[in-house]
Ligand SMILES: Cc1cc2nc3c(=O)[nH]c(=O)nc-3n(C[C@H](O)[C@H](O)[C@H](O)COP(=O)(O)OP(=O)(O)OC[C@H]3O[C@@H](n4cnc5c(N)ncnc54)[C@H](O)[C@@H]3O)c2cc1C
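Okay, here we've got a single chain as C-alpha cells, the form predicted on its own, with questions on binding and movement later.
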C-alpha cells in the first residue's frame, strides 16, 4: 500500500517506520524543515509507563480551582472565546470520577507497556543513540500527606503489572545520591526501575533518517493545505512547498493524520470531529556545571508536578499544563513566570549543579514550550475514521514520548489488517473481547511535557 503520514513528530515518524517495516510505501509530510521540531522537540524525556495516569480524577476539579489564580500552579486554565475549549472542559469534568478513572488508567498502562516493548525492539534492531538512560524514574515527595497517599498509586500500577514501589527517604537517596543536598526537604518517594529516559528529538530525527534510508519520501517544509474527499473517502491531500510556493496533490491508499494538536482542524475539513485540545507545556534545558553531581535517575517532583531528566551534559526540566488555545509565546509575563519557575526549582534541588543564570547574568537556559494534544480521557485516538482511507494517530497529551513507539506500531498493524496484541480501545475499531482489569486510586496531574 501507499500511505501518506501527516506530521513528523514522534507519533508520525514511528508510524512511518513501522509501515515501512511491513513493506508499505510511505510519504511523510511536515511543515518544519526536519522531524520533531514542534511538540516532540523539548519534552520531559521520560518513558514513564509507571505514570500513565489520566489527568481526570475525582480530585482534579478542586485542584484546578485552587491553581486557577496561581501563575506557578501546575494547571492553568485560561478561558477563551472558543466553544472547543469549553466543550473539552465539560467532557474532562465528565471523566473526573472513579469509574472513568479505572477505565482510562487501564488503557493507558496497556498502551504504555506495549509501547515500551516496541521502543526496546526498535533500539535493539537499529542501535539508535539518544542519551538513553535505563535507570528508572524516582518520584520524590516533600509533603508527608502526599507521601502517605503514594502507596495507593503504587499499588494501582502494580495491579497493572508495573512494579512501582514506595521507598523511604534513605532508600531514595541510595537510588539517586544527587538528591542528598535536598534531603532535608524530602520525606520519601516511589521508584520504578523499569522506566527510562532519553532525548525524544534525537531519537525521532535519527529514526526519520533511517526511514529515508529505507525509501520513504520525505516532504519536510511542506504545509498541509487540505484533505480532499470524494464519495465518502479521501481522494488526495494538497500540500505546498514553503520554499517554492509550489502546490501538489498526494494520492495514496491510506492517509494518517498524526499532526498533534493540529489534527483537529485537519480532520474537521472532512467532517471528522475529535476531542483534542492543546495543553501548553514548558521546559528548560540547562548546561551542567558539575556533571559528576547531577542526577542520573529521571525524577518527578511531586510538589511542582515537574520532571527532571539527564541528557548527556545537560539537564532537562519540564512540566505544567496551560489550557489557553494555540498560544506558543515564551515572552509574555505568564510564560516567563512559568519557565523561570522550572529553573528556580533546579537551583533549589541541585544548587550549583546546573547553569541556572539568566541570559542577563551570562547564562544560556534553553526555554521551550509545546502544545500537547490532549483528549479529555488522556487516551489517544488511534485507528480508522468514518471517512474512507483516513486514519488518525493523535491525542497523546503528556505521554507522546512514552506511547510513541507503540502507537506507531499499532497504527501500522491496523492499516495492515492486523490486530495489535493489547487490551486497548482503538478509534473506529471494534473492541477486543478481553476484559479490562479494574483499578482505583486518585492520581495527581502528570509532569511530562
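Numbering follows the first chain given and starts at 1. Everything numeric in this text was worked out from a predicted model, so none of it was measured.
Only in words, not in the display: the form predicted in complex with the ligand, which the text now covers.
Colleague: Considering the ligand in the predicted bound form, find the one stretch among 286-294, 255-263, 121-129, 347-355 with heavy atoms no farther than 4.5 Å from it.
Modeller: Result of the contact check: 255-263.
Colleague: If the criterion is a non-hydrogen atom within 4.5 angstroms, does every one of 224, 318 and 402 touch the ligand in the predicted bound form?
Modeller: Judged in the predicted bound form, 224, 318 and 402 all sit within 4.5 Å of the ligand.
Colleague: Does residue 370 reach the ligand in the predicted bound form, with heavy atoms at most 4.5 Å apart?
Modeller: Yes, residue 370 lies within 4.5 Å of the ligand in the predicted bound form.
Colleague: For residue 4, is any heavy atom within 4.5 Å of the ligand in the predicted bound form, or not?
Modeller: So residue 4 does not count as contacting the ligand.
Colleague: In the predicted bound form, is there a heavy atom of the ligand that lies within 4.5 Å of any heavy atom of residue 281, even though the partner is absent here?
Modeller: Contact check for residue 281: yes, within 4.5 Å of the ligand in the predicted bound form.
Colleague: Whether residue 32 contacts the ligand in the predicted bound form should be assessed with a 4.5 Å heavy atom distance threshold; does it?
Modeller: Within the cut-off, so yes.
Colleague: Could you run down 28-59 and flag each residue that has a heavy atom within 4.5 Å of the ligand in the predicted bound form?
Modeller: Heavy-atom contacts within 4.5 Å come from 30, 31, 32, 38, 39, 40, 43, 44, 45, 46.
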